[in-house]
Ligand code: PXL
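Take a look at this one chain, the form predicted on its own, written out in structure tokens.
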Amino acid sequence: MAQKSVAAIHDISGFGRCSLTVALPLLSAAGIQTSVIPTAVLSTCTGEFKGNTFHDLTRDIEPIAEHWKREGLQFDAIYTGYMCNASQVYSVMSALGYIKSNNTFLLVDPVMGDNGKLYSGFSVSFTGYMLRLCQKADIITPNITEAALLAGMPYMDGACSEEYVQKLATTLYERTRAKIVLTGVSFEKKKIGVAIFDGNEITYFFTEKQPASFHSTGDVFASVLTAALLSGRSLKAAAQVAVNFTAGCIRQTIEDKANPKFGVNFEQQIPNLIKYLQ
């Protein structure tokens, strides 16, 4: 099988496991040629670090994509993550016009918030801009907070009802026409996982919920989901791989008693990713 390729459009932190410092090694380990368009450069990830440097690269996004088009570069997938502001969302959508072909699938991780709140620096109006990007996607991977914002529904804290998750997924599908992979789904205290809605039926995959939470597990999940899809898995099978791998990274980090500020230890779990994708 010919080597697959992906263009990853995310920010990059000098220190910390998130965004491109997660996506690039995981996709590459899966045997996928990975090209990047950085949306911003930060000194550290923003989870629990304060006072980090931040350099917005919005004005570079379209020129990079335009250059790639002139060079005749083509991609099997485009995978987007954090966007700094509304202008950057528009720049990314313009960039898609240069590098997305009819055979390229677009996976959007609509990074905006968690625990019922938008991340710092985002206004409510940003949700509308992100929705427009999601409407161009083939697959989106929101958490419960992001899905509620995009669907225009109230956020439900804690364990959700199955009825609520189904309504969230179907409403979001109707608004975007993208396949939905909803992360952070939990119907009971000891289980957490994902809900997949392809427009016809909803499927769930769960794993044991650990007594700790870490920033950027969504980046790990979406990166592995993309890798598994490009490796020929169906959406359901790819989601199962991503759930299992992310859970393994969390368990490894807890066993290591590592500083949670640094994100999850995905590096030492890469051999398992390769096994999952064989």
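Since we're looking at a predicted model, the values are computed, not measured. All residue numbers refer to positions in the sequence shown, first residue = 1.
Just so it is clear, the following notes concern the form predicted together with this ligand, a form of the same protein that is not shown.
Trainee: Would Ser216 count as a contact of this ligand in the model of the complex, using a 4.5 angstroms cut-off between non-hydrogen atoms?
Mentor: Flag for Ser216 set to yes.
Trainee: Does this ligand get within 4.5 angstroms of any non-hydrogen atom of Ile250 in the model of the complex?
Mentor: Heavy-atom contact with this ligand at 4.5 Å: absent for Ile250.
Trainee: With a 4.5 Å heavy atom cut-off, would you call Leu42 a contact of this ligand in the model of the complex?
Mentor: Leu42: yes, in contact with this ligand in the model of the complex.
Trainee: Wondering, does Ile9 line up within 4.5 Å of this ligand in the model of the complex on heavy atoms?
Mentor: No, Ile9 is distant from the partner.
Trainee: Out of the stretches listed (43 to 51, 65 to 73, 241 to 249, 228 to 236), which one is close to this ligand in the model of the complex, meaning heavy atoms within 4.5 Å?
Mentor: Stretch 43 to 51 is the one.
Trainee: Going by this ligand in the model of the complex, which residues of 1 to 21 come within 4.5 Å of it through any heavy atom?
Mentor: Residues within 4.5 Å: Asp11, Ser13, Cys18, Ser19.
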